[in-house]
Each structure stands twice: as structure tokens, then as C-alpha cells.
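This document starts with one chain, in the form predicted on its own, laid out as C-alpha cells.
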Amino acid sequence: MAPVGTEPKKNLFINGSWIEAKQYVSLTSPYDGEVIAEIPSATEEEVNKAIETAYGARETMAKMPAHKRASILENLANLLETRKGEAARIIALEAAKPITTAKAEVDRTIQTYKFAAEEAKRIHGETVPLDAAPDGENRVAFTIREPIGVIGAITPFNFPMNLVAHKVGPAIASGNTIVLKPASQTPLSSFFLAELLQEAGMPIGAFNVVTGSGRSVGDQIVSDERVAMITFTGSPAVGIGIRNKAGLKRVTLELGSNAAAIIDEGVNLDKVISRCVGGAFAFQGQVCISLQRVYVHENEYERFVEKFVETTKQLNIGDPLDPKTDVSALISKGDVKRALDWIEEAKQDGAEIVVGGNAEGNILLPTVLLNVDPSQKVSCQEVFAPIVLINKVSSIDEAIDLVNDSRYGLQAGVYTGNVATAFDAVEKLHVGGVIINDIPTFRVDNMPYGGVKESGFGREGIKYAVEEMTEMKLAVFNRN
């Protein structure tokens, strides 16, 4: 098979074969609108075939020894390493992710599959001291973890390889089969993965890729009783809908955020600024933990704003395939319009635009807003665009209250030189992760990752996802 991205027409990947679909749609570049490929739009019959195939292969995967599951994942990581330039180009083309950022995503994806290979060998239970109870004398008990069956993975556009890896990697490690529905804008990365998994030794039928709209393909995967678990990354509205339809299925939801950072007085701003600018504008702010809100102590506020604006103005805007580009096109024209509307609403309510605030084609220029009311959409909703607001606070407690005054709670960052302040922040911030002396955008791929409130529930990070994707079974031996 020719490398993905060189063919004008892609096919569904079902039961270890590339299947021509009945319907196709054109995939266009977010950057220049050019057609990249023709993508299958799976019918109900085709989705059913993928689920049926995964269901039929579940015993093969469940019985596969841990070392063989680990070997598949190791092979996959090695294959991706040899073709990582091609992989990064695919991401840049379909998502308009700047190529340098795309290369970093591929490197992380390789690490993620390596973590998954290691975790495949570490799935274990524990002994239970039954004789702690009088009726448990002369009894021995232990637990084991078993795969749950078919995993339905529904993935977003913003990390089309690494967020797929966070679902596919632990599913393989734990002996489950997979039906993957990638985001409509970024299917090429998943077809590329299917190609590599074939070569890596994945059993026929254990991994399937179906493309199409979430409303048809996604809903069918969610509602099919043969699918044991749904793992989804996307919007709260869709996530809530999935949970309502899933019944007794396991569900892991990662639903985004309006992530915030707190800057305490006395912080060395020269060490903070470039990191904050990167966290705000990397991949055009289309990151679940992108830095969207910054709360700066009043004694540091003026200097922070000055340095932040100066650094923002140095960002390079342009073609995602240019290695010098820092910020390129948003994923769709609709997102550009939405972001501009939100900026205008904030401006009408008294916000000050100190950088950006306008678009060039599909590129929304990096935008910095000051004095934004917390009720404005750019503050209280997930902006998912290169927009950051900076507000002044008189104390860290005030900042913590503002961070918590949100329907979301994924991660938050706190810069401080005071240990007591750091511990207070960890205790008081109502989020899934508190990052001390770094931005909320920090993530490495073996840490537990997930949120509270409308940021979802369940945890990713390979070890923690394996726990979500396995069932605990108890065995008790009576020696009386």
C-alpha cells in the first residue's frame, strides 16, 4: 500500500482489509481549502460489520499472552519511529498543525505506545486477606483483571495521533479489540495507524477504523450492545449525549476546559512568559488544556502584560508546513467566525484588545484580552482558539476563586515561590490536576489525566486507562 496521504481515495479498515465504501466525502485542508483526499462515509451496514468483526476477535485478543501484546505495541512504536516524518506531515496537512508541533506530537505518540507496551506486562491483581473476618479462616483470595471486550474509541481532531494512542494503546495492552472513529477532519492519521498495526502483527479483526459523522457512525457505536466501553474526547454536549445513550457501558469522557494559570507576586517573570505564551498559542489554542485565562497578582500585572504582549508579537504566522510557523489556520471557517464573535462581545462589554483580534483567511491572529468580565464567553466557555485573557487579582485566594468559578475543571497551573501557597492551591483548586510552577498545558503521557465537573470523568494515562478497560474478577479458595 502506498503511504497514506499520497492517494486521493482512502478506504475503511475492517477485518484486516481495506474496504471500499459506498459513500465518500472530500477532505480539505484547513489552511488553504485544497482537497487532500476522498474519505469514506461509513453506512450503518459498514459500521455494523466493523463492530461484528471486533466482537468476533475479542477472544483472540483476550487469550493473547501479555508478552505478545507488548510486542505488537513495541513493533508499532518502532515502525512509527522510522516513519515519523511522514506521520508529522499527515498531521500538518489534515489539521493545519504547524509541522514543528506535529513532529513533537509524533514523538509523544511513540512514547505513549512504549508506555502501553510496558503496561501490558504489569496488569495484575492482589491477594485479599479473608481471614481478617472470622468466616474467612482457611480461605485464600486473589483478584485478576480481565479485558472487557470491544472498545469504541471516538477521537478529536486536535491530537489525531497521540489522543488516538491514549485509547488504542491501553486497549491493546489490556487485551481488548477496538472500533475507532476518528474526527472527520483528521482521519488520515488513523488510516496511517491501521497500516502500521497491520505490519506490527495486530490480529485480524482486532482493530478497525470507520469514518463518518458523529451523529451517524458515533451514535451507532455508542448504542450497539456488543461494544463494552466508549472512550471519548470532545465537547461536553456530545459527551453528555454519549453518557445518556451508553446505558451500562463503561464510559471515559475527556471534555475540555478553559484552563487557567495563577501568577503569584515575586515570581521570576523571565522564566514564566515564554512558557505561558507557548501554552496559550500552541496549535492555535486548540488544546484541551490550552492556557485560556491568566490571573496575575497586582504587583506583577503590568510587567507580566508588557512581557507577554512583546513575546506574542514575535510569533510567526503562516503555512503549517513551514518549520518556522508557530500559528496557522483554525480547523474550520466556522471556528474563526465564532472566535471573532466572542472577541467582539468581550470588547463591547469593556474588554481591551492589546494584540490580535482579527483574522487573515482561516488564521485567527494570536489575541490577548485584558479586563474581561468572567461572564463573557471568552472566559467562561472553552474558546479553543488562539485567545488568552489576562486579569489582575489582589490575592491568590481571589485567583483561586476565579479559577473555580467555572463549569470546567481539567487542569490549572500555579506559579509561586511560596510552598504554603502551593499546597493551599493544590487543596483548594477544584480541577483534575494542579501543576505547580508550570502552565496547565503540561502533560506527559504516563500521568493520570482527566477532569471534574464538565471536563468529564475517568482518567487517561496508560496505566489508568488500562484500569478503566479491564474488569476485576475475584477468586476464592476454600481450604476448610
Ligand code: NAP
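These figures come from a predicted structure and were not determined experimentally. In this text, residue numbers run from 1 along the sequence as written.
Unshown form predicted in complex with this ligand; subsequent notes refer to it.
Peer 1: Is P156 close to this ligand in the predicted complex, meaning a heavy atom pair under 4.5 Å apart or at it?
Peer 2: The answer is yes: P156 has a heavy atom within 4.5 Å of this ligand.
Peer 1: Quick one: is F384 in contact with this ligand in the predicted complex, heavy atoms, 4.5 Å cut-off?
Peer 2: Although this ligand is absent here, F384 would touch it in the predicted complex, with heavy atoms inside 4.5 Å.
Peer 1: Using a 4.5 angstroms cut-off on non-hydrogen atoms, would K181 count as touching this ligand in the predicted complex?
Peer 2: Contact check for K181: yes, within 4.5 Å of this ligand in the predicted complex.
Peer 1: Considering only heavy atoms, tell me if E105 and this ligand come within 4.5 Å of each other in the predicted complex.
Peer 2: Result no; E105 lies far from this ligand in the predicted complex.
Peer 1: Spot the stretch among 213-221, 97-105, 397-405, 309-317 with residues whose non-hydrogen atoms come within 4.5 Å of this ligand in the predicted complex.
Peer 2: Among the listed stretches, the partner-contacting one is 213-221.
Peer 1: Using a 4.5 Å heavy atom cut-off, which residue among A260, V209, I242, L369 comes into contact with this ligand in the predicted complex?
Peer 2: For this set of options, the contacting one is I242.
Peer 1: So which of S235, S332, S71, Q111 reaches within 4.5 angstroms of this ligand in the predicted complex, heavy atom to heavy atom?
Peer 2: Selected option: S235.
Peer 1: Out of 253-274, which residues reach within 4.5 Å of this ligand in the predicted complex, heavy atoms considered?
Peer 2: The stretch 253-274, when checked against this ligand in the predicted complex, contributes E254, L255, G256, S257 at the 4.5 Å heavy-atom cut-off.
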